Structure formats: C-alpha cells, structure tokens
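So this first bit is one chain, no partners, the form predicted on its own, shown in structure tokens.
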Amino acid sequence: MAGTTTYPIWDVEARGDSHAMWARMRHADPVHETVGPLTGNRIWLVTRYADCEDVIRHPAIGKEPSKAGLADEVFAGDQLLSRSMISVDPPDHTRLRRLVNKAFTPRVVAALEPRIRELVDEMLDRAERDGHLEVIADLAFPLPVTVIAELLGVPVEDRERFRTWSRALLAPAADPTAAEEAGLAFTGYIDALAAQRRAGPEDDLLSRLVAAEDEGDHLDRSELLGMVLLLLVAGHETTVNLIGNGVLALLDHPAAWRELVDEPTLAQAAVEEVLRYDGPVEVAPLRFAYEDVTVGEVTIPRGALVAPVLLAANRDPERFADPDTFDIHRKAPHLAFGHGIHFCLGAPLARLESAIVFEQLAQRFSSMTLGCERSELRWLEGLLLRGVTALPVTVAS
C-alpha cells in the first residue's frame, strides 16, 4: 500500500527544498501515489534509482495513454509533442529516432564546438568588463537557444519568442490559455518556415528534417512539429538549467570551484556531477501503466500515470556513496538524461555546451560569488524542470 505521509509536491514555495522532500519520500514511501492538479489523474512517483530504471525499461509501462485505456485528449497540454519521439513507443519511436539521427549526428554536434566557444567568449567578455553576470539571462539561456536556432536554421532574433513559447508549453497547468496560444503561435511559425525549406532547402537541420527519408518514410506535419518543438523549445530549456544549476553548485562548493579554476580540464567531470547532484529535469515525462505492474513493493494499477523522479534517483544512497556530497571526481552513471530507448537525443550537445561554459568560466575568473542572498533565489514552478529563474553572480579575473 502507498504511504499516507503528506508531501508538499505541488507547493511552489517548497521548490527550493525538493531534495529533502524526495529523500523523505524515497525512504518512507518510495513509490508514492498522488493526484495531478490539472487532470485529477492518479500519478505514481517513483523515487529509488533501481525502481526508476525498472519503470523506464518496463514493457508494460509506456508513452501512449490510449494503450492504458486513457483518452489522449485528457493530455491536451502535450498535443504538440504527441507525435514526437518522447511520446510514442516502438515501432513509431524507432522510426522517428532513426530519421532524426540522420540529421542530428555526432559529427554535426562536434562541428559546433568552435561556434559555442565563440559565443561563450562574447558573453564572458561582457561579464569581465562589467564585473557581474546574470547567469540565466546573459549566458545559460542565450547560448543553447542561439546554438539550436542556428543549427535548425531559425532566425536567432526570434529567440525571445521561443523562450515565451517554451515556458508556456512546458508548464500548461500554470496558465492553460497561455499554453494554447503559444501552441498556435509556434505551429504557425514552424509551418511557414518548413514551407520555405520545402521550396528552397538550405544547409540547416530543418531542411534535413523536412527532406528526411528512410526507405520511403518521412516526417508528417505533426511529427515534424513535434520534433522541432523537442529540439528548439524543450531541448534548450534543459541546457539552460544544467548550466544554471552547475554554476549554483560551484558557488555552493567553493573547494570544487577552486579545483576547477586550477584545472579547467575537470569541466567535463563537473558536468557529470552536476547532472547527478542537481540535474535539469526533476521528474521525467509521464509514462502510463498498460497493465497492473509491481514496482518495488507496490502494485501500480492499469491506467495510472507513472513518473520517475530523476532528482530523487540520482541521490539514492543505495546507488551512490555520500549522495548529498558534490564531488566532481565521482565516477558513477546517473539517470539525468533518462535511460534506454528514450535516452535524451540532445545529451551530447548539452554536455558540450555546459563543459565549455564551466571551463571558460574557470579560465577567465578566479573569483565568482553569488550576487544576492541564497534565500532570494526563486525556483521554477512545476515538476518537470529543475532550475532557478535568475542567478546573479559577481566575477573577477
């Protein structure tokens, strides 16, 4: 039976203390039943590492609500993503992943490194001149959205529109009307851009997605919209929070920051520990129980929504020694990018961008301090993304 302890799961004011809440749940009630505030559906939060792995790869837990006896329209907030890779099972997932893999290759990602370094240099030049930096607004947001916009072939000057759309679409419960309006605006924008690429292909990812074929197959309109949304909107948001959470973790752990300053080549290792310690995705996108499924000691009924809590799994003491300790020398796999067939497509790009940011911050600034009281930081609403809304820092060479 699920426990009866009350947790402040949906309390915006408790967002800063999420780790403590998940630790209590992981210990006392590791597969916890709650009710979603938007739909009223039963949601089972899974908090232990081994259980999350089990849920993510379980053949009777999947991405399509209709297979669980649920109506797709109940999840209208996810309509734009309903035909994307993140929302379907094989064989559709296999086909979509294969098609986009042809356009989003490791070679394409590796070729972006010089441009990423150039952008970070420009942003840190301003910080060095000013002596301060708003990490989210001046670095963590503009870097990934500029990179993915340039890669896709979307005008970078529209990036603030993407920011507005992404925030509305990723938190539909906060303002359903804003989410609907953002969806319509995004759809019209990408439809028009895709039509331009069909008429005159360019050397960009959108042109390759429009032309993608595999044994006569292609992306239909809803699949193309879902793919672009996944890459352009949902994709950049996770990198924003990976960078922001990483800088905050380094501010909270001055010894780790000093190590990085002394040896900037530790940047990649620092990225992996940030992903484990305070990753950008708190709760993985919902899955659905296609039949009664036992997870740990709890039977989750058919039709229930299942949510692996990545933030909790990545601090599971059964998996990690001293899990609440930030250790950039730690070598242990984590679940920050998911697991199995739905492992994050953009993980290599997010890792590359974040490592370059941490490396160049360490090379440029010997001193970096928080520019406000720690208690003044505000965390994002909702359970999907983990990050602060703003992060002012003072820097000195």
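Just so we're clear, the structure is a prediction, and the values are computed from it rather than from any experiment. From 1 onward, residues are counted along the sequence shown.
Another form exists, predicted in complex with a small molecule; not displayed. Remarks below refer to it.
Check your understanding: Taking 281, 344 and 349 together, does each of them reach the small molecule in the predicted bound form with some heavy atom inside 4.5 Å?
Key -> Per the other structure, all of 281, 344 and 349 touch the small molecule.
Review point. Of 250, 242, 219, 139, which residue is found within 4.5 angstroms of the small molecule in the predicted bound form when only non-hydrogen atoms are counted?
Key: Partner contact (heavy atom, 4.5 Å) among the options: 242.
Point to revise | Answer option from 97, 115, 302, 132, heavy atom within 4.5 Å of the small molecule in the predicted bound form | key: That would be 97.
Review point. Do residue 93 and the small molecule share at least one heavy atom pair within 4.5 Å in the predicted bound form?
Key: Contact check for residue 93: yes, within 4.5 Å of the small molecule in the predicted bound form.
Check your understanding: Does the small molecule come within 4.5 Å of any heavy atom of residue 231 in the predicted bound form?
Key -> Residue 231 belongs to the contact set for the small molecule.
Review point. Would residue 55 sit within 4.5 Å of the small molecule in the predicted bound form, counting heavy atoms only?
Key: Close contact is absent here: in the predicted bound form, residue 55 is far from the small molecule, nothing within 4.5 Å, heavy atoms only.
Check your understanding: Is residue 287 close enough to the small molecule in the predicted bound form to count, meaning some heavy atom within 4.5 Å?
Key -> Flag for residue 287 set to yes.
Check your understanding: Where, among 184 to 192, 159 to 167, 117 to 125, 84 to 92, do residues come within 4.5 Å of the small molecule in the predicted bound form by heavy atom distance?
Key -> Of the options, only 84 to 92 has residues within 4.5 Å of the partner.
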